[in-house]
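Okay, so we've got a single protein chain in two different forms coming up as structure tokens, structure 1 first and structure 2 after it.
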Structure 1
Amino acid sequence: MRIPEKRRIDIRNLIQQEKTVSVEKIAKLFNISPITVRRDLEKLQDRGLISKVHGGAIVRDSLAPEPVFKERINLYRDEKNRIAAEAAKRINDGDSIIIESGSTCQGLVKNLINKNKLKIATAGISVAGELLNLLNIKNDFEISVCGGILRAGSSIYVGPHAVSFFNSINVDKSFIGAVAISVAKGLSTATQFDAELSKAIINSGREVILLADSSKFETQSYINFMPLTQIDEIITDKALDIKIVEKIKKSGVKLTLV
């Protein structure tokens, strides 16, 4: 059974992740004709979610004038901040933690200023930059970055080196973001690289806490890499659909709405 609307959401997620995707590629991936792809893209554009361009589509803010860009950042900003602030409460002085990449996780860094003697590891390039700033103030932090291979447009290090880094460490808590979350199918990402890395990060944490705003739920990307039951706690915003809330609660995963 095909659900066009679900496919559109997945297409949007793909574009968000890859920044630029051709019509041809989408058609092949979803097994639909180019004309249907174009119609999907048009619908997504009408909703302001992407920009349709000749040959495919790009993320909405990549070449947009300044004000639009700022607006986009403010989208879900409050939610992300509340989620990050709640997540920070789970961290005790002296903890060792992993912070994944993504804007919500990056927000968590700003909430660490009152903590002491943390050991923090990350694969996120901008998270690392943020942590480097923090280090000038909190010099009792030990900050590690995984290293690995850079991908164009990506904000994380990937590859076997990155994965083996996380395989070689154990931390009290892993804070992960997510591109797409489905109660039935678990977490999914656009590429195998991202999946491998997230898996390694999840396996390194004695406790795994997922940070995601409510828009990420009941969507899917390409590679399902982890059932939701591997997660210990999900922190999201109150806008989450009540049906999804119940499904998550039934699955046994602790859910916190802020």
Structure 2
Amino acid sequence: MRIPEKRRIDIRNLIQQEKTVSVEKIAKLFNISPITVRRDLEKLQDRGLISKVHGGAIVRDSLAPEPVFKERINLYRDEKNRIAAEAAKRINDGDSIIIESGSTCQGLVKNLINKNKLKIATAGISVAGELLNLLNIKNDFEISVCGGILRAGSSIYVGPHAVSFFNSINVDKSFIGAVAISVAKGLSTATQFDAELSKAIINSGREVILLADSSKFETQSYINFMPLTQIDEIITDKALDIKIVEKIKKSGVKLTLV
């Protein structure tokens, strides 16, 4: 339950956003065969998450499905913990930072207990919950949450209000996650809302650090929004394919494997 399960989560998320998606489109976006798409759709339907129709699938509006974030957080747990611990080493006392959203970013919060006088902003609802727990211990932290539009199946604020918030601040470091990463095409995500938010967060940081496990690499989602060369450092796990490692190093982006 590693790569195939992650792909099914991404397919379910795409169907939730677009309401109706064809087998042909899913096959093209995820670079898989139509037969594999149909098998994935059958598994998602068996779980009650989508409804298969002729030639594709539709969102199952009658359900209130468990958020995709809760499914993602259990994937690659050990790798994410190592990445988060390494990322925390980049944070100095007195820094202002953004912790975007996602399970790896949430793990970063748990590594901040020994830091002092941080200013932290986030778009992540689950990240905000972890920060609230930390704030009860670290009363010298200043925590800001952007607010905005809540989307079903996610754990993040998006929309104009969220984008405006991040456009109004400047921080030392932005820590971001990723839906999909391609050396050639850069970062991509499922919706325009997500793309605009991520761009605002990246532009707010004097230094941008990408936290992503190796399964995210050489994959693509719906919208390309940022070339990899706009990232200052990538922190990922040692399972990353050596060919991808070489490509990233040639691009000039700092790469740290843990």
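As the structure is a prediction and not an experimental result, all values here were calculated from the model. For residue numbers, the reference is structure 1: its sequence is counted from 1. We call the rigid core the largest set of C-alpha positions that still match within 1.5 Å between the two forms.
Taken from the structure described as the form predicted on its own is structure 2, whereas structure 1 is drawn from elsewhere. With the core superposed, Glu207 shows a C-alpha displacement below 2 Å between structures 1 and 2. Once the rigid core is used as the reference frame, the Cα position of Ile26 differs between structures 1 and 2 by 2 Å or more.
When two forms of a protein are overlaid on their rigid core, residues whose CA moves 2 Å or more are considered shifted, and Thr191 is not one of them between structures 1 and 2.
Relative to the superposed core, His54 has its Cα moved 10.5 Å between structures 1 and 2. Relative to the superposed core, Val37 moves its CA by 4.0 Å between structures 1 and 2.
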